[in-house]
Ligand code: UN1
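Here we start with a single chain on its own, the form predicted on its own, put down as structure tokens.
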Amino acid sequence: MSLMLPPVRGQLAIAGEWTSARDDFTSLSPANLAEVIGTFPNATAGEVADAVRAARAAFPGWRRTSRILRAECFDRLAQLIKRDTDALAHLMARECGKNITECRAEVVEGLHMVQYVFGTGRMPVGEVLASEIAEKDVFVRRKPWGVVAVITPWNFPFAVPLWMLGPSLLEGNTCVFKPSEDTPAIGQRLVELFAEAGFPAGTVNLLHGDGSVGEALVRDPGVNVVCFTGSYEVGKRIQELSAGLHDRIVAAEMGSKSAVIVCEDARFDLAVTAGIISGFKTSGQRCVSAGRVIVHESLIDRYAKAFAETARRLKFGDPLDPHNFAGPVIHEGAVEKVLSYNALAKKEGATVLVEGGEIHPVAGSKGCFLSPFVYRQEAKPDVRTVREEVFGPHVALIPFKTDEEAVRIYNDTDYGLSMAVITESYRRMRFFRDECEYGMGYVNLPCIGAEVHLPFGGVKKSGNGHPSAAGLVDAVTHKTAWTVNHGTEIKMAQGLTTNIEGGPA
């Protein structure tokens, strides 16, 4: 565990100006609850309104800026992220508890998003289509909506904001960014980098605070688009508040009960590794974490033994130690939630294979550490633990007899975000590809590991059809049809007459 550093003094960024620091709430390290990462202001209703007005005022000038020049800002941002990779990863590990190796990978993922956005700056912004009339040229063009509210989670406090801020800003929108109240320091550092990269005043505005700040931002009619990643309950509330606004788009990526399906022809060691990584990376706190591994009955006994033995060997501890597999869960409330689901699994008749619980791997400090909880459970009605999101190191192993039954088990949840299938059969992988309900699918891989040039989102309670990362462009722009007549008279499509005297054309 590193020596405690001076706390970050939290500020808001509005219209290119930083407000005075305030200590309305505190960000603590989940690895050591005695370590204060920083103190931050909880934005007032007036400050929320000011941030939206600043973004609205900056929008016309930013929209009219050459798209290539907007992209150049991202090239400068990329160089700053490269410069500060280690410092960003260190701050992230302290604040959210992810292992330092995962934090470095997340910084690189954010860098990749910035590089992708820079590269697309010189790509087409629409299409040229044919018209029924030879004298007409027809274009489809993308135009920005205006002001985008970006509300992001604590578990990916650097990459996910860039998934949203990057496409939004490149396309000519301006933004109001509210990071999670659990990771405000890394959010603030990101906005400082945007300012250093030369993004004009008002294009990126920063608000800190709890759910009341997010709700005030969503309620503001000056916001055209809300980009959100978090729980289904909050995403549903955002959509309800937005329903009464005629020009509001909501792009929401929400909960998950993702799974790995291990078929009878699976490469066994690969299947165990895929299940372990899917279930326990980030202590099971990724939105795509596998709360379930669905295993063919011919393999279940052998798989359960190997999976449990591997889970027991995983080292959970100081997130700044790269030798540890994972760090703590985010806070004491998360500890209580996971423990309650562990207890519920037993009540629902699970066969416990690894008895997870609170651990204290860092001597002399109190942290929010949990060891893996692994159990075997039959697929049957009304078992909550195999259907509800736990968001912690809690994994069910579920046997299946046929591929059709595996699909039924996988789909038997309100969520549909990510899945992986482990098989050597191309016919089988195609069957699962077509029959499972998901937004992201993997073959012979874990169900984690998104890449920025692909859409990131899900179905059912996991998403509302507007995926993030590269897929966000369709939510933060709208398509316009632009038709130009190069003739000297009017000719209409569909054979519509242009005669205005009432007779035949």
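Residues carry their position along the shown sequence, with the first being 1. This structure is a prediction, so every number in the text was calculated from the model and none was measured.
Beyond the structure shown, there is the form predicted together with 2-aminohexanedioic acid (UN1), which is absent from this document and is the topic of what follows.
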Inset, instruction - Report whether the minimum heavy atom distance between Cys287 and 2-aminohexanedioic acid (UN1) in the model of the complex is within 4.5 Å. - result: yes
Inset, instruction - Please run the contact check for Gly465 against 2-aminohexanedioic acid (UN1) in the model of the complex: heavy atoms, 4.5 angstroms, yes or no? - result: no
Inset, instruction - Give a yes or no for Glu405: in the model of the complex, does one of its heavy atoms lie within 4.5 Å of a heavy atom belonging to 2-aminohexanedioic acid (UN1)? - result: no
Inset, instruction - Mark Glu109 yes when one of its heavy atoms lies within 4.5 Å of a heavy atom of 2-aminohexanedioic acid (UN1) in the model of the complex, and no otherwise. - result: yes
Legend entry - Interface residue in the model of the complex among Ala470, Ala58, Ala450, Val52, criterion: non-hydrogen atom within 4.5 angstroms of 2-aminohexanedioic acid (UN1): Ala450
Inset, instruction - Tell me, out of Trp163, Phe373, Tyr415, Tyr410, which residue has a non-hydrogen atom within 4.5 angstroms of 2-aminohexanedioic acid (UN1) in the model of the complex. - result: Trp163
Legend entry - Option from 74-82, 185-193, 150-158, 129-137 whose residues, in the model of the complex, bring a heavy atom within 4.5 Å of 2-aminohexanedioic acid (UN1): 150-158
Legend entry - Any residue of 455-474 that, in the model of the complex, places a heavy atom within 4.5 Å of 2-aminohexanedioic acid (UN1): Phe456
